[in-house]
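The chain that follows stands alone, in the form predicted alone, written as structure tokens.
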Amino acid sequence: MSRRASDVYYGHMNTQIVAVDHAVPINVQTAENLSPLIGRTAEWIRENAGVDRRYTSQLNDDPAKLVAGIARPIIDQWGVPDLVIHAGTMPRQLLPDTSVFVMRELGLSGIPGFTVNAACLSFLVAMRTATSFIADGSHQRILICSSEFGTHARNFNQPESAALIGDGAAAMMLSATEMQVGIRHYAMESWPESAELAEFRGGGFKFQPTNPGTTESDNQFHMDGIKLLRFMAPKLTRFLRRFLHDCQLEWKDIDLVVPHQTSGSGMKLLHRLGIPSDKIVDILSDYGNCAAASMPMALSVARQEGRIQVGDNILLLGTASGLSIGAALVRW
């Protein structure tokens, strides 16, 4: 007798999400505030981007401090982690790794820390990575942190993408458990032929500050939203069909869908795929697209609103520049 993919475990221990929380900078930028910066009306921003407001950091703000502020109470309640994973797209600085600065803010030392960067899927991939570590017994309690300050990389000459981005952070504690909870199934696929449809070209070897060809635009986010959506939509449809088939589940078996908050068009696509509106966690209008922090922020909001119950099947679903699509079925 074959087992459902949702009943397959990764090792001798399961991984429980014992805590998740989120935070945002104090500054609010409404559609009206952003309108003159990108030359579009507030109504255009709400209609095309789906964002009414977003939170923005200041130049001297520290992403490590923002996420440490919510991670500290989690540690106080659940204990000191034996591994810290930072999950994000934009590092605090190139070296040392951002996890080091998060650990320093938290007063942690002598434990490992590193970053997982899979663009906007970073947190999902970090969860899968943490699950493997806990399953093989090498770690018992893992803290995953994400703090994204993408508003500083907005290109105001590209209103579509500039209207989407917000700043935010999320922290999650994962712990070993004998209960049959945590990630039950995971999948990710990438199509590199679309790499130029959403990119941040700077920050690496190609466009170094000393390169005479490097421009200000190379250190800003670029996106062709229309082409990206057309490229992604059929692949997402097939991906989800295979994912549910492998889990031997139907949409009626999924209690809640927690997606990466891509864009207004991206959220509407989920509805067109047949996912009931009351099962989708949509925080885009209030927070914007906070890159890798978006998915855990949405999960945190859903939990605070009482939308998640013990035993629920939660579908974490996201896309990322590349193009990549990833999903995890989590039993709460």
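Not measured: the values here are computed from a predicted model. A residue's number is simply how far along the shown sequence it sits, counting from 1.
The same protein also has a form predicted in complex with another copy of the chain, omitted here; what follows describes it.
- In the predicted complex, no residue of the candidate spot (Gly264, Gly274 and Trp332) has a heavy atom lying within 4.5 Å of another copy of the chain.
- Contact with another copy of the chain, judged by heavy atoms within 4.5 Å in the predicted complex, is confined among 155-163, 70-78, 204-212, 251-259 to 204-212.
- The single contact residue among Leu240, Leu228, Met103, Met173, judged by any heavy atom lying within 4.5 Å of another copy of the chain in the predicted complex, is Met103.
- Among heavy atoms of Asp61, some come within 4.5 Å of another copy of the chain in the predicted complex.
- In the predicted complex, another copy of the chain stays beyond 4.5 Å of every heavy atom belonging to His185.
- Taking the partner from elsewhere, Ala198 is found to have a heavy atom lying within 4.5 Å of another copy of the chain in the predicted complex.
- Interface membership of Ser321, defined by any non-hydrogen atom within 4.5 Å of another copy of the chain in the predicted complex, is confirmed.
- Counting a residue when any of its non-hydrogen atoms is within 4.5 Å of another copy of the chain in the predicted complex, the hits in 115-129 run Thr115, Val116, Asn117, Ala118, Ala119, Val125, Arg128, Thr129.
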